[in-house]
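Next up: just one chain, as structure tokens, the form predicted on its own.
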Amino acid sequence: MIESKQRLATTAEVVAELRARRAFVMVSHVKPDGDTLGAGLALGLALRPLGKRVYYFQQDPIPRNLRFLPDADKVSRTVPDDLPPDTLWVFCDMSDSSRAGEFLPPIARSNMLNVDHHLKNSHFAALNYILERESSTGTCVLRLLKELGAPITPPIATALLTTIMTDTGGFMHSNTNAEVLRISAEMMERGADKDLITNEIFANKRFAAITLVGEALATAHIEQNGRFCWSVVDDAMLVRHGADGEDTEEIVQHLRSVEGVEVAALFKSFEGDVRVSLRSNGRVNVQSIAAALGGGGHFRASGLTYPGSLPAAIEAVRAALRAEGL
């Protein structure tokens, strides 16, 4: 295992480690999305035919819209007691290991592989495979699978295309370049079920989610001469609509789509936390704003959990936006 916090690992180095290890645990971040989960599932599906033991650790339940993914039924908050001491824990799509949650057992850094495409990754593992120009962590995994010579089966292709479609917003975000479309076409040629992904991720919404979106939009605020749009979802709103946290995922993008808006924010004040989702039209770096408040993400899409009250969170985001030049 290469011990270096300064130098990123090469594709060949990571693949050599994948070949050498006997057992793996794919780790998803809390509040999982299609990229963190799909990337780990794709890698696990490719390693198991090589005779490897593969497990999937995830603290939170799988969201309803991701239960269609192959091997999703094998994801668990617990792992076997008889894992070999050199088991490699593969952290997918997270800038720091703390994003895996409080139930993650203690792991030696030498047994950590960090696969990510986020800006400002903390390089927390012994082996850090960070490709910031990739559209998703799943496409980082695809590079590994091709170097490994693993067949891209239809289930693997479906998991990988899910990561791309999740992180490009169904090919709507600015990270959708020609290479992303070429890779997506390749995954479809290899059997990825794009219609299933589209329906489950983008189209199959509960009525509770639709009515919740309606109230969040009806109570939204416009500030900074129309450049900043924000809204709130709280416990009372969830109760009124019979909704839950999963039903809030599309709201911030609706706020961002308002004419003239450069930055949108959704403040989710429920379950004892104040979580903030941020989206940008491309001029303002919301990753920098989130990082200043203890969060992270991408230039155009980031988030954070604010350690205070809802009014304080709103004011903190306002101040950070001003500092960023909005």
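Computed from a predicted structure; not experimentally measured. For every residue, the number given is its place in the sequence shown, counted from 1.
Below, we refer to the form predicted together with guanosine-5'-monophosphate (5GP), which is not included among the displayed structures.
**Study point:** Contact flag, V25 vs guanosine-5'-monophosphate (5GP) in the model of the complex, heavy atom cut 4.5 Å
**Key:** V25: no, not in contact with guanosine-5'-monophosphate (5GP) in the model of the complex.
Practice item. Indicate whether G296 is a 4.5 Å heavy atom neighbour of guanosine-5'-monophosphate (5GP) in the model of the complex. Key: It does: once guanosine-5'-monophosphate (5GP) is placed as it appears in the model of the complex, G296 has a heavy atom within 4.5 Å of it.
Check your understanding: So in the model of the complex, does V14 come within 4.5 Å of guanosine-5'-monophosphate (5GP), heavy atom to heavy atom?
Key -> Because no heavy atom of V14 falls inside 4.5 Å of guanosine-5'-monophosphate (5GP) in the model of the complex, the answer is no.
Practice item. Mark T10 yes when one of its heavy atoms lies within 4.5 Å of a heavy atom of guanosine-5'-monophosphate (5GP) in the model of the complex, and no otherwise. Key: No.
Check your understanding: Exactly one of H123, H254, H241, R99 has a non-hydrogen atom within 4.5 Å of guanosine-5'-monophosphate (5GP) in the model of the complex; which residue is it?
Key -> Exactly one listed residue reaches within 4.5 Å, namely R99.
Review point. Residues in which of 61-69, 255-263, 269-277, 40-48 have heavy atoms within 4.5 Å of guanosine-5'-monophosphate (5GP) in the model of the complex?
Key: This holds for exactly one stretch, 269-277.
Check your understanding: So which bits of 25-48 sit within 4.5 Å of guanosine-5'-monophosphate (5GP) in the model of the complex, heavy atoms only?
Key -> Result: D33 alone.
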